[in-house]
Structure formats: structure tokens, C-alpha cells
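One chain is shown next in C-alpha cells, namely the form predicted alone.
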């Protein structure tokens, strides 16, 4: 009972912060940014279930990830508000040097980003539509306990992979295949393949089912077992590496895979936050002159220079 009370107090504090941000936005005459608030409400139930599960299991790493995720969602939500305690946003009347360009759904106050953040991928083909439907179903019904990337990070994986024309993607941490299917959205266009590693047999089995129902199973090779050992068996050129597994192992994965990554290739790593990132990994991707790194939300994006 004490655990549930403590968890409930934490959730109340989070919600209070969200509502306070909304009220500040309304007081400033900028509206409630319903697009963002609606998006946060839609995902809050799943987030709360995952946090409760992590708390019961005393999984401090997962709790840290979920808390950081909610903190970032709140920051993004607040970013759509304005007030006397906030710096002026580019393109507002306070910044005449950068006038706002008109566009669909853009109000004079510059709240187009609310509808943009709530937007969904638009399928171009029936194949893409089928894959996106499976991803949506997984997001709604399988996310609990799977430690999947947020939807926006999945979209980023797809964009980066297709942008570099990837032929071979290596993923460390398959889980139920959610991020892998985002990769496959790109790989079915580039003619590439995904090699993904998962140590948990139950998750690996679920991933195989999801790859098959999304129609991308022929693009995927799923390797069960300890990825620290199995990645040493990889041969050939790698275009994109995605690391989303044991945080203390990130540096080892990097050291073993970097020699295979082609010049111009990418190394992506998830859960890169002050509470979760291994300092040794951060040093490895920021202090190597052969690499160029930046942080996007919870994901580090590292380019192997040409």
C-alpha cells in the first residue's frame, strides 16, 4: 500500500506541473496547446502502467528512463507555451528579425508546432500502411514492459536510415521488434537488411511474430544470445548501428562495431540522459576526432567521418 501511495504522489506532482504549464499558457493569451496536451494524455496511461511495474520490480534503471521521458514530454509541452518568465520564441512579434512564415494551421501566435507534434506518419503505399498499422497496434497494446523507444524516436530511426541509404543496420536490443520495424520501413525502400540482437527468448519470439505480421520478416535476421559475443561474428560493412540495451555495455558495443561502420555511417544510442548514460560511452563518442556527435532528445547521433 505504501508503494502505491508513494507512486500516486509522484504522478500527482507530474500532472500538477503539466497543468501549471497549461494555465500559464492560457494566462498569457496563447491558448491551451490542445494538440500537445491531448498527445500527453493519450500516452499517460501506458506510461503510468510501465512506471508502476518498474516500481514493483524495483527496476531503478527503467524508472529513471520513464521519469526522464516524462520530464522531456513536459518540457516539449511547455515549449508551446509563452509567458513573462519564458524567452521569446523565434518568429514572434518579439523577434522581428525572424518573421514567421505562414503555413497550414499556423496561427498568428505561432502555435503550429502543437498540431505538428500531434501529427502521424502518412503512408504512401499499401505496404507502408500495413507496417504503420502494426506499429500503432504495438504502441497501443504491447508497450508495457518492452522498453520500446517513443514513437517520435522510431520515426527518427526511419528517417536517418533512409536518408543514408542504409543497406545493413545492426540493432542491439530487439525487444518485441518495435524499433526494428521502424528500421524496416526504411530498409524496404533502400533494399537493405536488419540484423538485430536479443538476449531474452520470450521477447525474441514476440519480435519474430511482429516482424511476420508487418510483412518485414524477410528483411530481418534475429540473433538470440549475448550480443557482446555475437557481434564479434559480424562481417562486412555496416551503415547504421543502433544500441538500446545494457547501458554499461554501450562502450563495448561501440568498440567492437565501429571498425565495421563505413565512413559516413551512423552510430545511434538510446537512453542518453544524465541519469542513464555511461560517462565512458559519452567520452568515447565526443572525444574521438574521427566521430561527430550530437544529442537529440534521448538519442545520441554519431557520424563516422569520411
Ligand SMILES: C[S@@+](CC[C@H](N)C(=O)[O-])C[C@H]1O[C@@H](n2cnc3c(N)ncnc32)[C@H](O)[C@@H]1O
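Since we're looking at a predicted model, the values are computed, not measured. Numbering follows the first chain given and starts at 1.
This next part talks about the form predicted in complex with the ligand, which is not shown.
Are 146, 200 and 253 jointly within 4.5 Å of the ligand in the predicted bound form, each by at least one heavy atom? Yes: 146, 200 and 253 each sit within 4.5 Å of the ligand in the predicted bound form.
Position in contact with the ligand when the complex is considered in the predicted bound form, options 214, 207, 227, 187, heavy atoms within 4.5 Å: So the residue touching the ligand in the predicted bound form, by this definition, is 227.
Name the residue from 245, 261, 51, 269 that puts a heavy atom within 4.5 Å of the ligand in the predicted bound form. Among 245, 261, 51, 269, a heavy atom within 4.5 Å of the ligand in the predicted bound form occurs only for 245.
Report the stretch among 123-131, 148-156, 162-170, 232-240 that approaches the ligand in the predicted bound form to within 4.5 Å, counting heavy atoms only. Within 4.5 Å of the partner lies stretch 148-156.
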